[in-house]
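Next up: just one chain, as structure tokens, the form predicted on its own.
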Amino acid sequence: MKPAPKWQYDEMKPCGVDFTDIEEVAAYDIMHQKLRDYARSSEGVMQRLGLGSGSIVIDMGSGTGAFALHAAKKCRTIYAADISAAMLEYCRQQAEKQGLSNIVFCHGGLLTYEHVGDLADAIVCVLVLHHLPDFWKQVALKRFRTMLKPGGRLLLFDFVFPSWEENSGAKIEDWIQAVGVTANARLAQEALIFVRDEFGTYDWIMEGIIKQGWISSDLYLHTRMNKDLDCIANN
């Protein structure tokens, strides 16, 4: 990873929850596995992107390997990129336990990851883009284009806020409380930190960033409060 310009946003500094301790990372993974089926959601992503045994995929913001570990069982090569060395080490340990040798672990992020292998068939970016301010979100999307084959696809999944909501404060309070009831107090605290400290943005801003950073006639955009922005675009 080459040095970044001094004016570039430092994505390596903690934004929101700080996952630098591997024990904290392990606890995070255990908690999230109770809330969602990693294998099922990964299979859904692979089907939507048309991935198979010959596919090369970049998992941008791979975390503990929720997608990478499952995709590696069915794809040619997975490049797992993350700014958290602890997350990558945890994922590496899980890969070794499962006998997976086709995951390339890369310490880097949306602005700093440098792809040096064959161009990818797809990039998967799940709940990561909101760690960047809006200007840098578009910079990241433009960088993605250079890493994909012609016809390559991007799957982007993230939170956005609806511009039409008149009482967003109350909605946010309700959402954080609902997370605590559905999951636990720890995840509710993560939701609070997301709203307070991270860079979630409005639906219309995110839509503009995607359209300008990723010009495509095949663009699906969906936004819902407390849900997601779910976007697939072709290169």
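All of these numbers come straight from a predicted model, not from anything done at the bench. Numbering starts at 1 and runs along the sequence shown.
There is another form of the same protein, the form predicted together with a small molecule; it is not shown, and what comes next is about it.
Undergrad: Any of the heavy atoms of Met60 lying within 4.5 Å of the small molecule in the predicted complex?
TA: Yes, Met60 is a contact residue.
Undergrad: Counting only non-hydrogen atoms and a 4.5 angstroms cut-off, does Gly152 reach the small molecule in the predicted complex?
TA: Looking in the predicted complex, residue contacts with the small molecule do not include Gly152, since no heavy atom lies within 4.5 Å.
Undergrad: Taking the small molecule as it sits in the predicted complex, is Leu148 in contact with it (heavy atom to heavy atom, 4.5 Å or less)?
TA: No, Leu148 sits far enough from the small molecule in the predicted complex that none of its heavy atoms falls within 4.5 Å.
Undergrad: Going by a heavy atom distance of 4.5 Å, is His131 a contact of the small molecule in the predicted complex?
TA: Taking the distances in the predicted complex, the answer for His131 is yes, it comes within 4.5 Å of the small molecule.
Undergrad: Pick from Ile103, Ile83, Ala122, Cys75: which has a non-hydrogen atom within 4.5 Å of the small molecule in the predicted complex?
TA: Exactly one residue meets the criterion: Ile83.
Undergrad: Just to confirm, with a 4.5 Å cut-off on non-hydrogen atoms, which of Ala95, Met87, Val160, Leu156 contacts the small molecule in the predicted complex?
TA: Contact with the small molecule in the predicted complex is made by Met87 alone.
Undergrad: Among 172-180, 201-209, 60-68, 47-55, which stretch has residues whose heavy atoms lie within 4.5 Å of the small molecule in the predicted complex?
TA: Stretch with heavy atoms near the partner: 60-68.
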